[in-house]
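One chain is shown next in structure tokens, namely the form predicted alone.
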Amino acid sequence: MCGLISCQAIKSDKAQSKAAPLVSQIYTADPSAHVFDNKLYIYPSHDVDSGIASDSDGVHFAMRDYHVISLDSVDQPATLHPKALDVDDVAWASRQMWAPDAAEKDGLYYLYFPAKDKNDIFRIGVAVADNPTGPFKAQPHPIAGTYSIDPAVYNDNGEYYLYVGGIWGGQLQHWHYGKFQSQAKYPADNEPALMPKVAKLADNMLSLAEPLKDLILLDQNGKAITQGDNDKRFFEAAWMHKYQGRYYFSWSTGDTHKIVYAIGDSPYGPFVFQGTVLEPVVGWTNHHSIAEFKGKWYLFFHDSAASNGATHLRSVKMLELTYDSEGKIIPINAYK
């Protein structure tokens, strides 16, 4: 197993990307893409060179604000918008504003984001704006009952579902008794892996309508994916989309550096593993989203090629995504 500090998926000097960074003014990562009013909006995290030493909890990922990227067309340059939200404007947060997501309902826009609270525990916050690029005004408290990282919100015909979770630095391994424990606990390699969490959002989009619960990920034999199956098990970067009436849940495998996916018949799952969406990219992390825009499907991802492989300085990119006749995603290698 590779550690966070010691391993890169692909070295930058051996990889020529098929895609250029969408913006170059700042480093961006963890893109969540949505189409609002026929325009593409991407909600990334904002990488900075913090000068903090790397460790397995990801403390060097010290992001502190968000900027929105928009595209009128894939043939035109992307626009980087002014700052949408800063950690100093979030009363409950202390640091590390990691991968966000966004949703629209009744003309208002909701930015969901993870940040560490004053006790250094990751919670999920929400901020509201009257346009998709902000500025967003954060609620005074995190969403009650939330924890860990990487919120993803899926709109299923007016019902909104929140997906969260991430192990290692994402702290999911500290919640095995229903509340935060200082001692991490992982299953044995032959036991079911820690699963991502899901809950329906309340009508106000600011709270949960129900407690978070496990989203079950199964292998192709119908058994829960195990902790030791590093090519399949959930690490972070939950994302949901729908294609031809079926639900596609995708995620990062972490230390094997892939984006993989599973298919189910409900937003709650269970989901059966199908295969790879994106092969490893330059850098350590691999984080994505999938969206349809003007009749084509696209994969949004990041890599560290522009920073010569610096793990914590990444750039958002996009490539077209295709399916085969059975609805399976054709795997993407960003460098071939």
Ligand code: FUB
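So that there is no doubt, residue numbering starts at 1 and follows the sequence shown. Note that this is a predicted model, so its numbers are computed, not measured.
We do not show the form predicted together with the named molecule, though everything after this point is about it.
The closest heavy atom approach of Met63 to the named molecule in the predicted complex falls within 4.5 Å.
For Asp30, a non-hydrogen atom is located within 4.5 Å of the named molecule in the predicted complex, even though that partner is not displayed. Residue contact check for Asp101: none of its heavy atoms lie within 4.5 Å of the named molecule in the predicted complex.
In the predicted complex, the named molecule stays beyond 4.5 Å of every heavy atom belonging to Ser289. The candidate stretches are 48 to 56, 265 to 273, 32 to 40, 280 to 288, and the one lying within 4.5 Å of the named molecule in the predicted complex by heavy atoms is 280 to 288. The candidate spot formed by His67, Asp303 and Lys317 lies out of contact with the named molecule in the predicted complex, as no residue has a heavy atom within 4.5 Å of it. Although the named molecule is not shown here, in the predicted complex the stretch 147 to 171 places heavy atoms of Ile149, Asp150 within 4.5 Å of it, in sequence order.
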